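First comes one chain, alone, set out as structure tokens in the form predicted alone.
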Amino acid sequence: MVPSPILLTALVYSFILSLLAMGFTLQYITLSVPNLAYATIAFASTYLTLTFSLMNLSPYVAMPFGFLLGGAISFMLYKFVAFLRNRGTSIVGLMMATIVFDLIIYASMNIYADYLAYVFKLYAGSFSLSEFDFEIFSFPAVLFISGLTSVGLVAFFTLMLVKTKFGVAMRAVMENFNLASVHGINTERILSIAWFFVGGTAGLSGSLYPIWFAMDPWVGARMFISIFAACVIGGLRSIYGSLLGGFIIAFSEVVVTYFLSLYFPWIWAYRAVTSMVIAAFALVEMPSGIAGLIEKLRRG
């Protein structure tokens, strides 16, 4: 039997990880550049949540501002990557550029943490804001809000890609960038907006994270493996697959690790290994992920 706190943690983690995987999937299918700064961009907004809490405001007030902050940072990164791409930089060079951007964001987070420590006389290098949450039907509000946000954004992005002119243009850019340009689609504008949504989605997940989990500037680097594993198992080119992948990886890391820890207490420190094993298996056995498997079943 899974204890209630473990199950609750797995659910909240599933929704937050699904949001992170969704954003990573969207940015990958738009430009096919692995953005290694993505996780750090996501968790930059956690310090916004901390700031609002220090101002005696609900941490959920920070969510729209987290969306804007993540979107703005992602937009700037896209402009930087596009600048290099247009000058013939290889994909390896573009990946290295995202690492440089990652280090800049990480340094900025530490500078802001030191500023908060100087002004508010508190240690902001590691914190949790669970005491600022409230309850809905005897459950923490973060469970419902993260769930509604995750499922709602999956539905929004899926409908946008299928039902709107912008979504059709975005899919055209995804399929063939050069052909879309020839047909008069403003690819620069499409990709700029897409990456803003990518960063905004990441910012939402980052603003929710410290309401339940402990936060420090290295969380993004540690969670990148989990995000990548969720994308791989769900399908690197599927929006709804990221939701499925997020749940599988989250429950594997939390619930499976819990049962293993009953016999091997030291296993908690290596729970990310579970994600790596699942991702490796998925890459070998089903490279298109669960979404690709579902699509094959639908086609008979």
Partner chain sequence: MFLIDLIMDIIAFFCIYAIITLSLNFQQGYTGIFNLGLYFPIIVGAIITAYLPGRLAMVIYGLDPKLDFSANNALVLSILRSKLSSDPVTSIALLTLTLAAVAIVCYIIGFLSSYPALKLPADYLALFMLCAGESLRVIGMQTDWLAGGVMGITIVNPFWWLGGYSYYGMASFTIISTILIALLYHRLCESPLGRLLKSIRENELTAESVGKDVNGVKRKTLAFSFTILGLAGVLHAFLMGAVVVGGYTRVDFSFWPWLMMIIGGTGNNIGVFLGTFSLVIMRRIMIVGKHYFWFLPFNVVWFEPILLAIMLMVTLVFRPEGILPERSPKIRDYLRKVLKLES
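Treat the numbers as computed from the prediction; the structure is a model and nothing was measured. Take the two forms, superpose them, and find the largest set of C-alpha atoms that agree within 1.5 Å; that set is the rigid core. Positions refer to the first chain, counted from 1.
In what follows, reference is made to the form predicted together with the partner chain, a form of this protein that is not presented.
Listed stretches are 166-174, 128-136, 109-117, 201-209; the contact stretch with the partner chain in the predicted bound form is 109-117, by a heavy atom cutoff of 4.5 Å. Taken together, F83, F224 and M276 are fully in contact with the partner chain in the predicted bound form: each brings a heavy atom within 4.5 Å.
With a 4.5 Å cutoff on heavy atoms, L283 counts as touching the partner chain in the predicted bound form.
The shortest heavy atom separation between L153 and the partner chain in the predicted bound form exceeds 4.5 Å. Remark: R87 counts among the residues lining the partner chain in the predicted bound form, judged by a heavy atom distance of 4.5 Å or less. In the predicted bound form, none of the heavy atoms of L143 sits within 4.5 Å of a heavy atom of the partner chain.
A single residue from the set V92, L179, L122, A214 has any heavy atom within 4.5 angstroms of the partner chain in the predicted bound form; that residue is V92. Listed residues F65, F251, Y28, Y60 were compared with the partner chain in the predicted bound form; Y28 is the one with a heavy atom within 4.5 Å. Shown here without the partner chain, the chain has P34, L36, T40 in 34-49 lying with a heavy atom within 4.5 Å of that partner in the predicted bound form. Fitting the two forms on the rigid core leaves the C-alpha of T9 displaced by under 2 angstroms between this form and the one not shown.
A displacement of less than 2 angstroms separates the C-alpha positions of S252 between this form and the one not shown, with the rigid core held in common. Shown in the overlay between this form and the one not shown, fitted on the rigid core, is a CA shift at L69 smaller than 2 Å.
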